[in-house]
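We begin with a single chain expressed as structure tokens, specifically the form predicted alone.
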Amino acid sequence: MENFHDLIVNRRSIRKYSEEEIPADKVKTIMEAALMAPTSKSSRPWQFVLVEDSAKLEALSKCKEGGAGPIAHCSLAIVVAADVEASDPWIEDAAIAATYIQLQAQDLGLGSCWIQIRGRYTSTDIESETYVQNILEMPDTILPVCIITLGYPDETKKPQNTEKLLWEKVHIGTWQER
């Protein structure tokens, strides 16, 4: 991308991926971005589990009742989690890192999709966090926030339409009813 604005205009959630593998150097670049994400008081509570195994990806795709299907067909899934004992704003810290992952992936020509885990349930009413923890053998204090799917896009989406931005959501100085 030429600039950050172009990057965010063109970043869209991709749910269909080709079977092409992501080269190790691109995965390393993505993880470097995640590890440079800012955190409250430099606490760095985030943890990342990278999953490429097709059986595990299939199992993870059942982590919530709907919307997790892309996990089964991506080249790489990154479970973004956080140590709940390391920082009070662990959710926010993990969310920032997840966003960095998605933006770096876009810059490298990869597609991505945020799959929400925290606060969701499987079709059998198990908390999604617990379900993912069990599959990946994660400790109880490390809670998954989301799973970012990554791969080469097998679908094309139009860029964001900047003419449809909701400027009425922007308030200057004080709240203004519109």
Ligand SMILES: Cc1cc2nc3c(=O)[nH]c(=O)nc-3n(C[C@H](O)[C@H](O)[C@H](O)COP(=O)(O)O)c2cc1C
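Quick caveat, the model's predicted, so the values are computed rather than measured. In case it trips you up, residue 1 is the first one in the sequence shown, and so on.
One more form of this protein exists, namely the form predicted together with this ligand; it is left out here, but the text below deals with it.
- Residue in contact with this ligand in the model of the complex (any heavy atom within 4.5 Å), chosen from 40, 116, 141, 130: 116.
- Only one segment in the set 40-48, 131-139, 26-34, 60-68 has residues whose heavy atoms sit within 4.5 Å of this ligand in the model of the complex; it is 60-68.
- The shortest heavy atom separation between residue 18 and this ligand in the model of the complex exceeds 4.5 Å.
- Scanning 10-45 for heavy atoms within 4.5 Å of this ligand in the model of the complex gives 11, 12, 13, 15 in sequence order.
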